[in-house]
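A single chain, nothing else alongside it, follows as structure tokens in the form predicted alone.
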């Protein structure tokens, strides 16, 4: 059991991401979208690259780290069947992971930002 983090840094963002995505793979609602694109083996090179990319994305959001260069919305247009329910479920799992890594105050940052980002994605996807 790790001590809950009160501040946000690159290391604990990576811990959040590496805790969260195994939860995703086990999930019946959201998991199939990720398995379809990345496979079921989180230790694979494809998954490891994705985890680094997503860690970079969250470092950019939380720390202003400019390392992330990408379009996080674009892949969602290639996900047949993506739904508001899937986004809401993703958000619930992400909040659960944030609660396992961060104190309530620090975790609230990720919950708020992920909700804003998901809302923007759903609007852009017409959900």
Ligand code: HEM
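This one's a predicted model, so the numbers in the text were calculated from it and none came from an experiment. Residue numbers count along the first chain shown, from 1.
Quick note: we don't show the form predicted together with protoporphyrin IX containing FE (HEM), though the next part is all about it.
- Only one of 42, 82, 59, 95 lies close to protoporphyrin IX containing FE (HEM) in the predicted complex, with a heavy atom inside 4.5 Å, and it is 82.
- A heavy atom within 4.5 Å of protoporphyrin IX containing FE (HEM) in the predicted complex is found for exactly one of 118, 25, 19, 106: 118.
- Although the partner is absent here, residue 75 sits close enough that one of its heavy atoms falls within 4.5 Å of protoporphyrin IX containing FE (HEM) in the predicted complex.
- Mapping the unseen interface onto this chain, residue 30 counts among the residues with a heavy atom inside 4.5 Å of protoporphyrin IX containing FE (HEM) in the predicted complex.
- At the 4.5 Å threshold, heavy atoms of residue 102 stay clear of protoporphyrin IX containing FE (HEM) in the predicted complex, well away from it.
- Among heavy atoms of residue 51, none comes within 4.5 Å of protoporphyrin IX containing FE (HEM) in the predicted complex.
- In the predicted complex, protoporphyrin IX containing FE (HEM) lies within 4.5 angstroms of at least one heavy atom of each of the following residues of 12-49: 30, 33, 34, 37, 38, in sequence order.
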